[in-house]
Ligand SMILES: Cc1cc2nc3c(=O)[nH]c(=O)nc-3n(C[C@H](O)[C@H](O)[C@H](O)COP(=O)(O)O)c2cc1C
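Below you will find one chain, with nothing else, as structure tokens; this is the form predicted on its own, and questions on how it binds or moves follow later.
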Amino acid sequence: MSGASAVDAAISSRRSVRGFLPRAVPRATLEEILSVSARAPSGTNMQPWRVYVLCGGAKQKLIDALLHAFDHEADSHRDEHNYYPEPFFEPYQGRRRKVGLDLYSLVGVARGDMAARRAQHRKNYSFFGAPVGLIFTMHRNLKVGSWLDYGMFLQNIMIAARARGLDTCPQAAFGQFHKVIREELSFSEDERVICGMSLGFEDKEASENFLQTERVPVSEFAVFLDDRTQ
């Protein structure tokens, strides 16, 4: 496979996997992924990312705290930033509804069954059974440029993982419980929780992992301004 084909394959095969095998990922592999991902560009080479890599008992301790908060205190926890627009509008609302309905259909959640939806959402906080949980933070005084840089870093991690036969799921859901995460991981108020991510080997029998999301064609989002002849 050529270099371009290998890169394209890693990008096009990246999916948000929501069911993982308990198979461990070697620390050396995790360090490789993070090292190559840190080659992401950032304005004036600021490198705004900070990553907490959780495995074994450390991961379980955070999971226990998060599930307790989700089950008993969810109404008292709020995100520090708005990930989604309020209110939603088209075409984004339609795309969101479709992927949600497709996922719920695969896992047998009926329309309007809010208890089942909540149970499915709860799986976020156990990293969907993945052997590795990642929590990403950034200094809260950094501005929009660093958020853009962070996105490129996160994408690098997901592509580098795919190149090694691993799968991931980036998860904004962790932002709601930033206070719990800060307390459990003992970082300062200067750090803002950006998101979490599950990483590991896909459970190919998990119904959630049969979800196939769609992408609009290039003609729908790209405007080519070029007076050269074809």
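Just count from 1 along the sequence shown to find any residue number. Given the structure is predicted, the values throughout are model-derived calculations rather than measurements.
If you look for the form predicted together with the ligand, you will not find it shown, but the lines that follow are about it.
- For the residues 171, 29, 176, 42, the 4.5 Å heavy atom test against the ligand in the model of the complex is passed only by 171.
- For the chain shown alone, residue 156 is not a contact residue for the ligand in the model of the complex, no non-hydrogen atom being within 4.5 angstroms.
- With a 4.5 Å cutoff on heavy atoms, residue 99 counts as touching the ligand in the model of the complex.
- Put simply, residue 213 is close to the ligand in the model of the complex: some heavy atom of it is within 4.5 Å.
- Residue contact check for residue 150: none of its heavy atoms lie within 4.5 Å of the ligand in the model of the complex.
- Stretch 121 to 129 is the answer when you ask which of 86 to 94, 121 to 129, 73 to 81, 141 to 149 has residues with heavy atoms within 4.5 Å of the ligand in the model of the complex.
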